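Following this are structure 1 and structure 2, which are two forms of one protein chain, each written alone as structure tokens.
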Structure 1
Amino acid sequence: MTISNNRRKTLISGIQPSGQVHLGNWVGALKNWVRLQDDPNYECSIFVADYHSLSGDYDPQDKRRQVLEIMTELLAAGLDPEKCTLFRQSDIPEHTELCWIFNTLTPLSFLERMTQFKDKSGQQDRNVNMGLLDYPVLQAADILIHHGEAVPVGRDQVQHVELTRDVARFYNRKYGVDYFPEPEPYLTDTPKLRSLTDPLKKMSKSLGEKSYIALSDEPDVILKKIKGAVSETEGRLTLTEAELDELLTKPLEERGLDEETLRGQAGVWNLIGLLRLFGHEGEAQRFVDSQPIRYGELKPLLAERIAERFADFRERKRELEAYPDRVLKIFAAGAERARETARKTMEEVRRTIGIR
């Protein structure tokens, strides 16, 4: 069965090969992918977004290893090629062809206001390349070339899925067709995770190793990173989570609180949020109820819970690492399947837009 001609909803999402999978990826996306591959309402495709990752600073020597590592980690996390089409983006060059066509439909102003573009341009200010700006258009092509209807992503990507909906509408309107669906983001029930070193930013590989916990981190590394996490020094929650979130959506001058205070509150809520996710029933609430929060207790407990949760993952990753060829084969077979749909879409698009 190809991706587009069945009655299940087409679900598609991707992850960049730019380091190890971290807890933010897990909470925001991967956890959902693993669950949804068993949901009979969806036909799932998950891809390694290697074209996208070229827009970040990187060393070409590392890329091949990073691609293999992320493939290995997706399998170790439980994605199953029997249930879900797994492929590498650059195995399907049609994604970039459709991106070009979408470029001609997308207003520049829409791309310039994307939060991720603004963040990343700041982070890599010596390498503000066109790929950073065009990132969401390639993402639109990734989704729409497979007629994606549901896109399970983290909250940080919702704006990009909105743009995909715009692009689908622009295309359909310009060419007078009802061809591309307007996909919906599919969110987990967890808000985005924050960086351990700067909790006012999202947990991300680009902020350095200490800012995130990788799924494959060993228990001692997890403990060290959590011990170093920035949080409010007194252990007092002076804002509720909702108040904090609301303040952070406001411009700096309207917040009425200095950045350090907000960073401290964001940090402590991030730790509590992590314990809610990975701790046992009631553990997180116990700390909230008995303030000041004793970090000497909270941090080692949290580290232990995270390490326990991913013990199986670490084991499976080690097993898979012994057979890199098997991993590559799985993704090559997935690409063959996904490419059938992509080819068909591109043939139809070329005819519609008048170049064939």
Structure 2
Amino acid sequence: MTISNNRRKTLISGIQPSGQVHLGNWVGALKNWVRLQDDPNYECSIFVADYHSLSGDYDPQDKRRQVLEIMTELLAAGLDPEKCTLFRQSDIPEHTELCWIFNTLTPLSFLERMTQFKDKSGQQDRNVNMGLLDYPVLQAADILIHHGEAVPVGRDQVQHVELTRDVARFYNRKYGVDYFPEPEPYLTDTPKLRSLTDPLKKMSKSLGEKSYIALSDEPDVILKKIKGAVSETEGRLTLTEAELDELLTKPLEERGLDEETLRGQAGVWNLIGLLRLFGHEGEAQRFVDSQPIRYGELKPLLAERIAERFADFRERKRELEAYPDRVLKIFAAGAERARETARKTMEEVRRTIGIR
């Protein structure tokens, strides 16, 4: 199958159901997905990556609720089933079938050098399972089974797209076909949001509820989390953002500053960055220009602006939660559309590899 250049490119991405969507997810992914569904150059598919989420530590009794919640939040965030295809990964078993075939083509050495495997193994050192290692191959199957040509990612995820391109080449060369496209990363330069409790790390659910702000957090919860955010005690910016980022790329012994000082600087810049994103024009710079920063003014203002920005999201989520069957039907309909492509792909793959 040769991809024609005179039609919309297939763009595909996914999100794991591992808890509430937070500001980092919004800035890094959802905001762009909502924008891209209106881009005439792309045919967008967004899926809930529930198979992927099984490789992490989780409570099986909670997984079903997490899946429904992320479906609800994707719709509340503005993804429109009339503009993009929304589906649940496990509704299309062809994804895992293609993953196995790709496993037979992918060198182990390629997987062992993936940085995410190293990172996630460190986070759950008592559960270093095969799924963590094989995650990028399933991701390649997720993309290629729908002949994805563009994958919206941040720069830290480019390595996974490169592996998907490798897998497409391995398949095409082995079987002498020009079937799978080599997808391109659709790079999205997004600000790095830091954990509120440990700003030397990125905002993540794995660091606990106090470390992130969920889009569905009520105003009083947002204010409480912002008030508890780690910051520089005297309100002084002794490092520029560029200097801070450069120092954090260096080994600890080469930084020249103690970790507590760096954490404080990272924390206050995180608050300023959040106000740049969600505040009114000029508000963040006003605090930078009038040091020492008055946290008693900055933190309540930031909490108010974030609460304002996602007020509509919270309302839409409440409306959708009242009718969970509607949410499930939307994703089931999307899965049926997506599975048409997946079935056709697997029929061709089975013939090509010689098992049909």
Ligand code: AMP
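Computed from a prediction, not measured in an experiment: that's the story for all the values here. Please note that residue numbering is based on structure 1, beginning with 1 at the start of its sequence. Each form is matched to the other, and the largest set of C-alpha atoms that superpose within 1.5 Å is called the rigid core.
Chemist: So which is it, 1 or 2, that shows the form predicted on its own?
Modeler: Note: form predicted on its own is structure 2; the other is not.
Chemist: Using the rigid core as the reference frame, would you say residue 135 shifts its C-alpha by 2 Å or more between the two structures?
Modeler: The answer is yes; the displacement is at least 2 Å.
Chemist: Just checking, between the two structures and with the core aligned, does residue 157 shift 2 Å or more at the CA?
Modeler: For residue 157, whose C-alpha is compared between the two structures after core superposition, the shift is 2 Å or more.
Chemist: After a rigid core superposition, would you say the CA of residue 177 moves by 2 angstroms or more between the two structures, or not?
Modeler: It does, since the residue 177 C-alpha is displaced 2 Å or more between the two structures after the core fit.
Chemist: When the rigid core is overlaid, by how much has the CA of residue 343 moved between the two structures, in Å to one decimal?
Modeler: Here residue 343 registers a C-alpha shift of 2.6 Å.
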